[in-house]
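Shown here is one chain on its own, the form predicted on its own, set out as structure tokens.
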Amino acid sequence: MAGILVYSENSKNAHELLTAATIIGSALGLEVRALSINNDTQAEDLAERCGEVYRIKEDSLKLSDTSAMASILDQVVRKLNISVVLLSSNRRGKELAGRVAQILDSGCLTDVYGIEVRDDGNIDCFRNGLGGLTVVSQVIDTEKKVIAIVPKIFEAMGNKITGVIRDVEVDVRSSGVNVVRTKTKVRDAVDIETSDIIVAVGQGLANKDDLPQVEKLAQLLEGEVACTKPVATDRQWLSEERIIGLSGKKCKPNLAILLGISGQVQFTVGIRDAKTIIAVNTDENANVKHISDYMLVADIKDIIPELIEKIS
């Protein structure tokens, strides 16, 4: 029987992909299978959530070598008669998806944040289009399909069953790239995607010296500080892990306070699903008003101290 293959080196992402795979598999009668590479702990973990886990043990294979990884996935897909490959739509996952699709001569969609199986068996994949101005529904019409799904879109598959782990042999083919070493990127420990309260700042925050007050406000609210892309990449006031939008994270907090943010679509697609949005901006016609539940036309430099005083 044809199947769906789930792979992510990140176990949490793999759990979410299993949920998406189950939705597709149940509708199309496809068996869900998971793949783990050089990670026995992950293989055992996945076996508690998936009936069949295929394990590869190849010390010479580097996960950072996406060309070699694509070759491995190609072999597994053909051996297991896989028709749908689900990967994570993160930086490495998107590159891997494109490479796998090219080898399989299949269609590929990345940055997918929703799926729905049609009555005719096609899989609707929902993505942001035109820079986030609209939502598009697209299908892959090739026999094999590669889909990269945005992390944290689906609930993680829980511990449901006791599956089996099967070792699978593959031929590790040199990609022509010599990986000398890999180095883990130093990251901010914050996870804004899981925060219930977010205080986000934009370029309306004119002075970096005002940032500690923003952080104090977020601390009083037991929330996290986030930002627009220029604040992190151009000004480098905050880490890239705190960016909201197309270039960063998609967040669904109960409360989002947007300080000095104009509301360009590249940002709003990452926060528009918040339960309550409060914006503070000097421009009463700023685009941010269209997604806000409440808007205060004022200078954030005056408002932040008042908010801190009221909350304290």
Ligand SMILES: Cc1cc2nc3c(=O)[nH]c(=O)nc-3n(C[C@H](O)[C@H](O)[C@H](O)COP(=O)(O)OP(=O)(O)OC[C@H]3O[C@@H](n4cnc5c(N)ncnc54)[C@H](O)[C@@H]3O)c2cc1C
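The first residue of the shown sequence is 1; numbering continues from there. What you are looking at is a predicted structure, and each value in this text was computed from that prediction instead of being measured. Only the largest set of C-alpha atoms that superpose within 1.5 Å between the two forms is called the rigid core.
Only in words, not in the display: the form predicted in complex with the ligand, which the text now covers.
Contact annotation for A286: at least one heavy atom lies within 4.5 Å of the ligand in the predicted complex. The closest non-hydrogen atom of S36 lies beyond 4.5 Å of the ligand in the predicted complex. Using a 4.5 angstroms limit between non-hydrogen atoms, L246 touches the ligand in the predicted complex. For D293, no non-hydrogen atom is located within 4.5 Å of the ligand in the predicted complex, even though that partner is not displayed. Distance criterion of 4.5 Å from any heavy atom to the ligand in the predicted complex singles out G204 from the list P151, G132, G163, G204. You can rule out all but one of 119-127, 151-159, 238-246, 84-92: in the predicted complex, only 238-246 has residues with a heavy atom within 4.5 Å of the ligand. Shown without its partner, the chain has I243, I244, G245, L246, S247, G248, G260, I261, S262, G263, Q264, Q266, F267 in segment 232-267 as residues with a non-hydrogen atom within 4.5 angstroms of the ligand in the predicted complex. With the core superposed, L18 shows a C-alpha displacement below 2 Å between the shown form and the other one. Here I103 does not count as shifted, since its C-alpha moves by less than 2 Å between the shown form and the other one after the core is aligned. L86 is not among the residues whose C-alpha shifts by 2 Å or more between the shown form and the other one once the rigid core is aligned; its shift stays under 2 Å.
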